[in-house]
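Coming up is one lone chain in structure tokens, specifically the form predicted alone.
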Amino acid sequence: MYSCQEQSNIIKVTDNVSLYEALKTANAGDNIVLANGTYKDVQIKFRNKGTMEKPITLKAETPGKVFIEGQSYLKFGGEYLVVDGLYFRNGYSPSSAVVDFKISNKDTLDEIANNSKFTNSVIEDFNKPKRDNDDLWVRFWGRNNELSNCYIAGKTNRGPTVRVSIAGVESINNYHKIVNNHFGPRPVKGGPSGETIQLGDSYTSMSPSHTLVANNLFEECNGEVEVISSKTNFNEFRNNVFYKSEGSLVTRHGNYSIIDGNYFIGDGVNENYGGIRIINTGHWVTNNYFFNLKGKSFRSPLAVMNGIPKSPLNRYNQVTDVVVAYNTYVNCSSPWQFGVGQNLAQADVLPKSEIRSARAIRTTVANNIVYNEEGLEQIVIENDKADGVLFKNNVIDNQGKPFNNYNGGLTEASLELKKISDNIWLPTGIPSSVEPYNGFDFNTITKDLFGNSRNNNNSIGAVVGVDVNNPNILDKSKYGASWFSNEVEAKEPTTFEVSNTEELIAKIKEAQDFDIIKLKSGTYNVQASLVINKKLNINSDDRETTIINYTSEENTPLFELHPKGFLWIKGVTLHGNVTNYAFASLKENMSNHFLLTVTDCKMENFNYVLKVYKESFAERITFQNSTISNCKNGLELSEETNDKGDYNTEYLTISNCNFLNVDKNVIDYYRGGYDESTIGGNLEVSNSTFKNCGAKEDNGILINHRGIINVAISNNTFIDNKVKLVALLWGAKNNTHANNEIENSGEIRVEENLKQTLMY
């Protein structure tokens, strides 16, 4: 039931049925208030018409105390509709979006939303059960709609978190706003289609959008190489903060973007934190600040790509008529890269339509500052010639290390840094002799990074003067829902000591995240899988006297790794019955990531030591100082065979391990599909011994890692392995080998260009 309160425009609802009825009968100016509580399997179709002066509002009685769970969604249709204060959690949308500014495919005014807003709300871990089931968490249609002051985090399945869709005349020239949001951590997806924001797609990329993305915090948005993928015309990106996000703001398709006043903050170590990647025509990149970014190539602070001549819509258009001006780069390893993605060396394995040979032309790089505490070999890296780029009045402090000055366009100077905050250090001491270059339309750049006027006191770099207050760009209270914080107080872990199987099983169920289970010496006979659905540490002091003997039926794992199951295990011997597994993910419904670290353990007599099923993903899998012996299969992560660029873990690390008498799948790690912008898959095998392994491997290769981009095999010993090859490396990618001893085990072969299935 729903009831009208004394205020005639307030309608309070307490369940799904009364909510649906209120939505049907609400009038302009009404406020539908959801009583505090949990609404499960609620499928909200907000179809109505308010006015600018009297919108219709659906809001929580208390923001943060109205939970939307189960198979639920919110769809807008009509105009001047507002939804405020909801918390989506513990579920997923049964449709193609969680929040959708369109109710159905009927292109009528009451089915598509205009002038409507989703605000002051949270969507967290609202994932489809299967990684390959794609959806969007917020999808825009129509015109003048807004996503504001929301916290959105934790998407792991295929599909961008937010998309602006503009197919249809009713959705072009839309002027949508994505403002003041906190995009919290999006874990690495393990393949493409993991953007945080995507504006349009390749097939609508020539259409005008005019979407504004402003004043948002992107924190650890690591889904894929593109944090934002702009694929339409006339979009603006202003005053956003990209903090420790493993990707870049990319003008993937479409033209005439404005990228102004943004912060790109790294940690000085992680090479995956990126900046801005430029493709297409007419973009202006101004007043941006880049700090401690170590990314290179696709993830450079400024990466300007080569295009494909006469490119189809879904590939890479040539960069033309771009301006990069008044930006500041501090302690960035590879500040400017041109000709990124140039692939002429792969012409023998790629069709002509994939060869990126069109260099940037009519592009100006002017009035920028580059400062490095340690001098770089190159300020400008030319993967292909940058002969179509004009460099003017850029100031460089490279600590005296020589660099190409590009016909005087790069001027050497000795600068100092002034600290504004831990992440903002501004160069000072710019030579007065270097005045800003006044290029065409440069008079339209009227303000600096902090909003100060450039009209009367202009200077090189992102900031006019350094006498500025700390803007507190990482104060999370400035972004997202006012009632929500993603800060979690650290908890001291509890240590449980166990001495028998019953206690082990009980404590695994009882433990909380990061608790420690300490095994006393002895044999633990386990007859059913131990479920790991939390962050758990299991260890002992002596692996020789601490044994877990797993006797369950075939093809079941001793440790069953569930979504959000993180296991660190140390100092234990694991013993199987030849038919079962040591570790495995769920066969299906791995809606979230897992993690596995095995240290100082012995694993013997298993069918598989590790079995990772399709649509399962771990950011890290590590085996160190451990022995795997007398097993039919070793580590198997090769079920992503749809060749769509997906893989099962971002980092597979093997160090100081012994592999003895493992029949096949000793290490099998696969990524299929040619997707040049996915810089993913990392395999490191070091200081390990492989003896009498791979005898039953069908393809005759001991270590299989086809399609993995980053591979390092070093300081290992291979003895009496009955295989043709120890490994087949991909020479055109970052595959390396060094200091390996090979005896009666084939060879390590490097093939420059591995033919891959094209994904497009």
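Numbers follow the displayed sequence, beginning with 1. In this text the structure is predicted, and so the values were computed from the model without any measurement.
Absent from the display: the form predicted together with another copy of the chain. The rest refers to it.
Using a 4.5 angstroms limit between non-hydrogen atoms, G168 touches another copy of the chain in the model of the complex. Using a 4.5 angstroms threshold between heavy atoms, N317 counts as touching another copy of the chain in the model of the complex. Under a 4.5 angstroms non-hydrogen atom cutoff, another copy of the chain in the model of the complex lacks S193 among its neighbouring residues. Proximity of P312 to another copy of the chain in the model of the complex: non-hydrogen atoms within 4.5 Å are present. Within 4.5 Å of another copy of the chain in the model of the complex, a heavy atom is found for not a single one of K40, F88 and G184. The partner is absent here, but in the model of the complex a heavy atom of Y256, alone among Y80, F496, Y73, Y256, sits within 4.5 Å of another copy of the chain. A heavy atom within 4.5 Å of another copy of the chain in the model of the complex is found for one listed residue only; from W568, Y203, Y406, F403, this is Y203. In summary, the region of this chain contacting another copy of the chain in the model of the complex, judged by heavy atoms within 4.5 Å and restricted to 619 to 627, 516 to 524, 294 to 302, 205 to 213, corresponds to 205 to 213. Along 276 to 291, a single residue, T281, places a heavy atom within 4.5 Å of another copy of the chain in the model of the complex.
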